[in-house]
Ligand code: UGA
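Let's start with one chain on its own, the form predicted on its own, as structure tokens.
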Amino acid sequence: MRMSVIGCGYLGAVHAAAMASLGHDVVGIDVDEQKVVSLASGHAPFYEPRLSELLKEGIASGRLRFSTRVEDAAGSAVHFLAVGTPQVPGGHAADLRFVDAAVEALHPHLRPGDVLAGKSTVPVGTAAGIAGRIRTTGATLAWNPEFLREGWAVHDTITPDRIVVGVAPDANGSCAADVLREVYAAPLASGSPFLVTDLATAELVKGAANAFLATKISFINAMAEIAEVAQADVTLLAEALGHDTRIGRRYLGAGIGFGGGCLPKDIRAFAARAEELGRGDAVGFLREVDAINLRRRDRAVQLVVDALGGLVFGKRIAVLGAAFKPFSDDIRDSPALDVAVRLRGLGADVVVTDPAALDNARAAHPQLGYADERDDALREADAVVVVTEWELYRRELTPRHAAGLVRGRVVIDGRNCLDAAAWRAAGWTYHGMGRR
């Protein structure tokens, strides 16, 4: 099938490459010429496992190309809308300027029978407005939210755990759903569920999923706050809770909290839209979810200060991690960098290292120190803070090896990813999040 992807940021670039790998003829459209040049040469402008390989394969096959000209999308049977929806400046609501601009630019090139499939995360009610705007073209709107995990985005696109398609309750909507069944024929054949809903429900699925995930993470971090004062261990608590099949163990990892370009801004936008609909009280708990998440960063900084005798001024602190999660170079709202910046603000000599995100971190926070190699960051450190759970830190770094590099054997485990007993046995002062 011939298709276009409008917007080639993180979501769009992955979707375009994945669709080409499934055999479709894809053109990716973006206004950023530098990004288009990079993608067209087979190089992803951000770190995502397997993406560069898929780009090169798609371009070599002739099934994938990129352009800055929206008119190159003309003739596609399906147009995927994948532009960003950041927070509005100075507020929590979603900024829909890029969505509006993309629809406006694409409008002259839509034909009767085309399907415009929205993938951007938008407030509920947005799709109905877009459907009205494109009605005169004869094209049909469907809403097909994404559920990608950074670091697993290629996998999640090619073998999704579910495909949700929101359409209008009429013949055109039914036809649009059938077209998307054809688009996703390969994952459907592999057993991925295909759920057809109305437009509003499809919009809500993404926001509700992120709200639930954020709530689960903040719940265990709230338990960590209690565990710390009660002399309990939140990791054992999480293990016990996780055996309850109604709860499950995934995302019950206490630490310095979530970040990234989606979860924080999406739950704020979700709550803001609920307020606009007069149902803000229904999701009032999300404000506390957000507050708990931010408090854990405060706690990590305080653990460092306490471990160094109440003063970090002039102390060398190795911060292991800059990305908000492993297998990513994304530093947007990164708890790891937030902790590093706060320690630098207290006068510490902070040295940050990360296997993927250093270039982004250097550009955003030039005031911090950086080391390209892990061991260079550890050398002569008075304390070590693990804030992104890369395998390079959680499994490949042994307490004995680290002890031969540092000045002080103090480790703050901001992700509860180290073997506390092993580090303590090696003579380290170990502090976890919500652990005795």
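The shown structure was predicted, so the numbers you read here are calculated from the model rather than taken from an experiment. Numbers follow the displayed sequence, beginning with 1.
Missing here is the form predicted in complex with this ligand; even so, the following discussion is about that form.
> Want to guess which of 232-240, 110-118, 254-262, 77-85 is within 4.5 Å of this ligand in the predicted bound form, heavy atoms only?
Replying inline: Only one stretch passes the 4.5 Å heavy-atom test: 254-262.
> Considering F98, Y184, F219, F147, which brings a non-hydrogen atom within 4.5 Å of this ligand in the predicted bound form?
Replying inline: Filtering the options by heavy-atom distance leaves F147.
> Does any heavy atom of L213 come within 4.5 Å of a heavy atom of this ligand in the predicted bound form?
Replying inline: Yes, L213 sits close enough to this ligand in the predicted bound form that at least one of its heavy atoms falls within 4.5 Å.
>> Can you tell me whether W143 touches this ligand? I mean in the predicted bound form, with a 4.5 angstroms heavy atom cut-off.
In response: Answer no; every heavy atom of W143 is more than 4.5 Å from this ligand in the predicted bound form.
> Does E203 reach this ligand in the predicted bound form, with heavy atoms at most 4.5 Å apart?
Replying inline: Outside the cut-off, so no.
> Is there any non-hydrogen atom of H15 lying within 4.5 Å of this ligand in the predicted bound form?
Replying inline: Residue-level check for H15: no, no contact with this ligand.
> Can you name the residues of 400-417 that have a heavy atom within 4.5 Å of this ligand in the predicted bound form?
Replying inline: Heavy-atom contacts to this ligand in the predicted bound form: only R415.
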